[in-house]
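Single chain ahead, by itself, as C-alpha cells, in the form predicted alone.
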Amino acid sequence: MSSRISILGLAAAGLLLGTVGRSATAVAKEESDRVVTFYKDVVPVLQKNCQTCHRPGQIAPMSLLTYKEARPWAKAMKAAVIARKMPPWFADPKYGHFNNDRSLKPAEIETLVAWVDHGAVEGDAKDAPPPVQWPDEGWQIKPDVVVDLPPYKVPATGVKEWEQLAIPAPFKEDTWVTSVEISPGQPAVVHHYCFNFETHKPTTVYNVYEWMEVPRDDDGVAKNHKRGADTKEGIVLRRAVGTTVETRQPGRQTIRGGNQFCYLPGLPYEDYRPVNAGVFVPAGSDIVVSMHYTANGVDLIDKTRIGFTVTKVPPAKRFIPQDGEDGQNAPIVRKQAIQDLAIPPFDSNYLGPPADITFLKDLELVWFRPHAHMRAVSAQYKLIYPDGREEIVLNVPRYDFNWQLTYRTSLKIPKGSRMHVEFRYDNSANNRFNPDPSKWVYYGDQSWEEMGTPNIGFLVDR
C-alpha cells in the first residue's frame, strides 16, 4: 500500500472514530516509515506478474525467484515498471476488456518503486509467501501428453523458408484438448512454430519436411512479392527427417500447417480451461506443423516439444479457429490485399492494406493475436455491428515484434457483423528495429519483409 493512500485512509478513520488513543497522524507516520522489503512486499508482486518468464529455462534474460537474483536488477526493475515496459502488455486500456491483462496495478508499481528507493531491503525470509511450484522441465503448463518433434539442425547462416511437417497426433481415441504449449529447444532462432490438427488424408506423408522455393535478391527479399512469397505452387522441395538429401519438383504443396496453435516470441501457450472449453481432436488426426527458423550466426540443433492437457469430460464450449475446423465451415470471410503491401523508404506512418472480416454466424470471440514483423508499430480492430454501430475492441498503439501477445477476451458477436483491422508501419530511422529504412518493404515470410495478419479465435457451445 502506498503511503499516500494509507495517510488518506487513516485520516478518514481518525475523523470517524474521534481519534481515540494514538492520533491518526502518528499512525500514518508509522505506516509511511515502514520499510518495504523484498520478502514481504516484492515477492508477491513478482510471483503474480513476473516469475512466469523470469525463471530458469524461460524467455527472460534473468531469474527473479530469489533476493540474490533480483537485487542486482533493482534499478532496472524500477525503470521498467515506471515506463510500463514490463510486464509486456500493449493493449490500450481505453478499449476492450482482457482477462489475461498482465499489466501492473498502480499499487504494485508503487511497491516496487518504494522498495528500490529505500535501498532494496531484503527483509525476513519468513515473511515471504510459499514459492510457486512451477511445472518441471521448463513447462508453463503441466502437460498430460508430450510430443517430441524431430531434432532440427539450424545452420549458422542462410535464409530458411517456412517448412511443413506432418506427424500422427498422439491420441488414439476422440480427445478433448484443453491447453497447448509449444516449447522450442532453441527459441533464439525460432521465428514461429505453429500447428493445427487435421483429419489424416491418404496423400499426407509423415516425417518429410516440405517447403516452397522462393527466389530472392541479394538482400534476401522475395522477387515474387507481388504474387505473395508464400504461394503454394511453384518449385516444391522435400527432405525426409534425419537426412540431408533434398528433392525438387514443380507442383503444389501437399501439406500446409496452420496457425491454430503457435509459439511466437512472447506467446507461451493457449489455455481454454478457465473458460470451460476445449478443442475436439478426432481419433486418427494428424499434427501438421508450420515451422520457420532464422539463422543467428551459430549452428544449433532445435528440439521442440508440444505439451497438451486433456480431459475425459467434454467441456461446455468448443474452440474453433478462424479458418474453421479442419479447414471446413469457416465462421468468417476475410478480405485483405496484404500481398500488395509496399512500404516506401523512410515512411514513418504507413497504413497497410486493411483486413475486412465478415461474421457468418453468431460467435463468441475469445482472443486476438495480431501478427506482423519489424516495421509494424500498431494494430487496431474495429467492430461494426449489423445496425451500423462501431466499437474499437482492441487497440495496440505500440506493437512489438518481440512480444507477440494473445489478448484474451469474451465478446459476443452477432451474425452479419464486420471487423475492420488496420496495421501501421514505421520504415524510418526512428524505428530501432528497422534493418534498413532506405529500402522498399514488401509482403513476405521473412522478418525483414512484412505482414499484417489479424488472427482471431472463437468459442461455440458444444
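Note that the structure is a prediction, hence the values are computed from the model and not measured. Quick note: we count residues from 1 along the sequence shown, nothing fancier.
Only in words, not in the display: the form predicted together with ligand HEC, which the text now covers.
Highlighted residues Val147, Leu165 and Cys194: none comes within 4.5 Å of ligand HEC in the predicted complex, counting any heavy atom.
Note that among 333-341, 283-291, 86-94, 312-320, the stretch whose heavy atoms approach ligand HEC to within 4.5 Å in the predicted complex is 86-94.
Contact with ligand HEC in the predicted complex, judged by any heavy atom within 4.5 Å, is made by just one of Ala355, Val159, Ile384, Ala80: Ala80. Checked against ligand HEC in the predicted complex, the candidates Trp134, Trp73, Tyr209, Phe98 yield a single residue with a heavy atom inside 4.5 Å, and that residue is Trp73.
Heavy atoms of Ala60 reach within 4.5 Å of ligand HEC in the predicted complex, making it an interface residue.
Shown alone here, Arg102 lies within 4.5 Å of ligand HEC in the predicted complex, counting heavy atoms only. Contact between Cys53 and ligand HEC in the predicted complex is found at the 4.5 Å heavy atom cutoff. Among heavy atoms of Asn434, none comes within 4.5 Å of ligand HEC in the predicted complex. Along 402-416, a non-hydrogen atom within 4.5 Å of ligand HEC in the predicted complex is carried only by Trp403.
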